[in-house]
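Shown below, as structure tokens, is a lone chain in the form predicted on its own; questions about how it binds or moves come after it.
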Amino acid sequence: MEGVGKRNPGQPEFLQAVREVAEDIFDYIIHKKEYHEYQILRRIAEPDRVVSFRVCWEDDNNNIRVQRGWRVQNSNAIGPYKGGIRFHPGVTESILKFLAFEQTFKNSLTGLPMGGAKGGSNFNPKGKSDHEVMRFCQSFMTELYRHVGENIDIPAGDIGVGAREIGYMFGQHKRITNRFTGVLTGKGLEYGGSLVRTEATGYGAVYFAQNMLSRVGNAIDGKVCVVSGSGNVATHAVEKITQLGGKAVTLSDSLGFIHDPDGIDEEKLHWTKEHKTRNHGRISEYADRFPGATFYEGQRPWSVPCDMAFPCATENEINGTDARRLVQNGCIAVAEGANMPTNLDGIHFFRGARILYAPGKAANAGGVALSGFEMSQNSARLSWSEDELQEHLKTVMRGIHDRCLEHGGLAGTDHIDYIRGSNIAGFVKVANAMLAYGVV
């Protein structure tokens, strides 16, 4: 870690991600000579490449704007690079390196042949016209196209990058290369997209929680759940929680959270999806629309008593104090729908409390798994049915859970440390592939 810190100064998110994995991996490999001889940990914490580039575009007032774009290709040891693109003013190289590092292990856990990458820009699509977003996406892809390809690196969407942005980027890639390929996932159904992709991350997090509870003879039915975020992942997590008999009582955005003690039912959820996607509204307006709900400005939902928590917003949204409050208020399980939403203090508390805790690299892998299925459908020039994809998603999440069980058991107890299990299971596949290649 001292060496990683020296090589990556001023990159706290990346260092946090590496430490969280290294804490588990080092004990596992301590007596495995080949991993040390070939410096596997050091090599896996050094991205294959980090591409940084300028993105120039013109706004609707004919002003020239300049953003910065990145693509971090962390590892292609087990397959072509795979990971999302994020457009957000807070995007930095450190954040993208942490996400690409996490993506490497997440993709490994799915059992699919995909390496790890991440990309994005400090461009903010909020408040921009469709034409401004189009011009930016076209300029972004004009540089990115030379670094990606269906057998090289297959980006997807992430925060700030939805179907609209994917469409603009795919169109520009097709225009430049004169090829119709599966170079991006998250595409529209009309041009190679997959059913269930929109639901996959949120549904997958709930399926993983269901697997954890089933193992100890419990179920989501009747559980009160707090959910953060109000975008794609959060709303579909709420949808699946409700379908399984649970009651989701919170949603949030950057301005605060709403608490609805009566539960966010199908009608309320439909309104929320329309309000957020079509009207680009704020979650505070939920409380104006539905009597009985309360909006808490500038706060996060972790003080609300619950049985289960699903952080589905962004990184480091749960700290040590939040983790303590959740457990003290009765929370027995946490499944992360976002990437690294719990900081190290929170992680250490959850581990010490021995609650059911599923880290993002395991619990939110449903999205990238469906992206993998989209890649397969594109390669075969066919489309699978919704029922087939739902079953594939359940199977993948069950497989990830089983891999965590294999490596996460604590001696002398029946408790499973899902962090340790996911870190080691994700690492072993990538590390063994790296050993097979020699020093490359």
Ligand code: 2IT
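From 1 onward, residues are counted along the sequence shown. Values in this document were obtained by computation on a predicted structure and should not be read as measured data.
Heads up, the form predicted together with (2Z)-2-iminopentanedioic acid (2IT) isn't pictured, but that's what we're talking about next.
- Shown alone, this chain has one stretch from 132 to 140, 81 to 89, 213 to 221, 326 to 334 that lies within 4.5 Å of (2Z)-2-iminopentanedioic acid (2IT) in the predicted bound form by heavy atoms: 81 to 89.
- Residue contact with (2Z)-2-iminopentanedioic acid (2IT) in the predicted bound form: residue 187 places no heavy atom within 4.5 Å of it.
- Within 4.5 Å of some heavy atom of (2Z)-2-iminopentanedioic acid (2IT) in the predicted bound form lies at least one heavy atom of residue 157.
- Taking the partner from elsewhere, residue 173 is found to have every heavy atom lying beyond 4.5 Å of (2Z)-2-iminopentanedioic acid (2IT) in the predicted bound form.
- (2Z)-2-iminopentanedioic acid (2IT) is not shown here, and in the predicted bound form it never comes within 4.5 Å of any heavy atom of residue 97.
- The three residues 108, 359 and 429 each lack any heavy atom within 4.5 Å of (2Z)-2-iminopentanedioic acid (2IT) in the predicted bound form.
- Checked against (2Z)-2-iminopentanedioic acid (2IT) in the predicted bound form, the candidates 75, 272, 339, 121 yield a single residue with a heavy atom inside 4.5 Å, and that residue is 339.
- Proximity to (2Z)-2-iminopentanedioic acid (2IT) in the predicted bound form, defined as a heavy atom within 4.5 Å, holds among 304, 368, 347, 183 only for 368.
- Taking (2Z)-2-iminopentanedioic acid (2IT) as it sits in the predicted bound form, the stretch 196 to 212 comes within 4.5 angstroms of it through a non-hydrogen atom at just one residue, 197.
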